[in-house]
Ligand SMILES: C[S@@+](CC[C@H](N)C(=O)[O-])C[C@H]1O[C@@H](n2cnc3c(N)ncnc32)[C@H](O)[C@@H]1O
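Below sits a lone chain in structure tokens, taken as the form predicted alone.
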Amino acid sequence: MLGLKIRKEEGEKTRKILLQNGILDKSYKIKNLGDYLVFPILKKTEGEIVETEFEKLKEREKFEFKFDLIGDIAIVENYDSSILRRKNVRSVYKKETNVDGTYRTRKYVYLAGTKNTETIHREYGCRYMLDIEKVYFNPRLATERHRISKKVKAGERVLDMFAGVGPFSILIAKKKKVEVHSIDINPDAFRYLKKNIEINKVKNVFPYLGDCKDVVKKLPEFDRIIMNLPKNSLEFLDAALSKIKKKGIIHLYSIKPEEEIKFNMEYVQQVKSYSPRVFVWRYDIKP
């Protein structure tokens, strides 16, 4: 069988990206090799591919693949009490509504464990305090956030137009010698953003509360702009274009197909599934 061999610290992030792209074979157990894990995969992908044997999963064990972990809160599709035996799970919730409204929030149903929707999520050496019912946060974008942070060059001025609690902004600011300006319209997200700047001890993130169309008018031009608002990002593209430098780049996330993005695109990548048969794409746009 085909396997993808990765370092153990990248395990959870890799599992999620394999799942969302339909590559992980959920019928078999992940193999533990000390400092490494080997994932059973259905087809070849990027990374170290090996030929090996995997142990078949029992039906009950397949449940383990049906949850997201935000900090110590498990967001499940199907509840099983065994999930609370995991040392990194304190609370269990289930989504009650879809992400909705200007503030991009959703409601959850409490199922088990400690009844508390606030947590601290750890990702690529950063910590993010957040409340799952008051702010938008998607742990499945960890790999994408890391991918963008590696593209940023020292000395850049970066704009994060829909910053939330700061996962793009803070990771970039912590890894690179840059200036990051971060905007969000949600007062709770803005409060957590400021708190996370303190927690991560970054001095080069400048937070703003408000509608980005209004806020950007007061800001300088940028080398790089991040627009992570898949449903509505195109509505704000003119504001981004008004502030991007001549040789700058805009990372626009959208569920719109490529033919509807009528700009000079340097690169297009499928990031994750949004809903059945609908995907989030990243369009790297040059002015």
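Quick note: we count residues from 1 along the sequence shown, nothing fancier. Keep in mind it's a predicted model, so treat the numbers as computed, not measured.
Although it is not shown, the form predicted in complex with the named molecule is what the next lines describe.
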{"property": "Segment assignment from 254-262, 226-234, 43-51, 240-248: heavy atom within 4.5 Å of the named molecule in the predicted bound form", "result": "226-234"}
{"property": "Heavy atom within 4.5 Å of the named molecule in the predicted bound form - the one residue of Ser149, Asn186, Asn196, Ser91 that qualifies", "result": "Asn186"}
{"property": "Proximity to the named molecule in the predicted bound form, single hit among Tyr108, Tyr124, Tyr79, Tyr136 (heavy atom within 4.5 Å)", "result": "Tyr136"}
{"property": "4.5 Å heavy atom contact, Glu118 and the named molecule in the predicted bound form", "result": "no"}
{"property": "Touches the named molecule in the predicted bound form: Ala173 (any heavy atom, 4.5 Å)", "result": "no"}
{"property": "Contact flag, Phe168 vs the named molecule in the predicted bound form, heavy atom cut 4.5 Å", "result": "yes"}
{"property": "Contact of Tyr192 with the named molecule in the predicted bound form (heavy atom, 4.5 Å)", "result": "no"}
{"property": "Sequence-ordered list of residues in 190-213 near the named molecule in the predicted bound form, where near means a heavy atom within 4.5 Å", "result": "Gly210, Asp211, Cys212"}
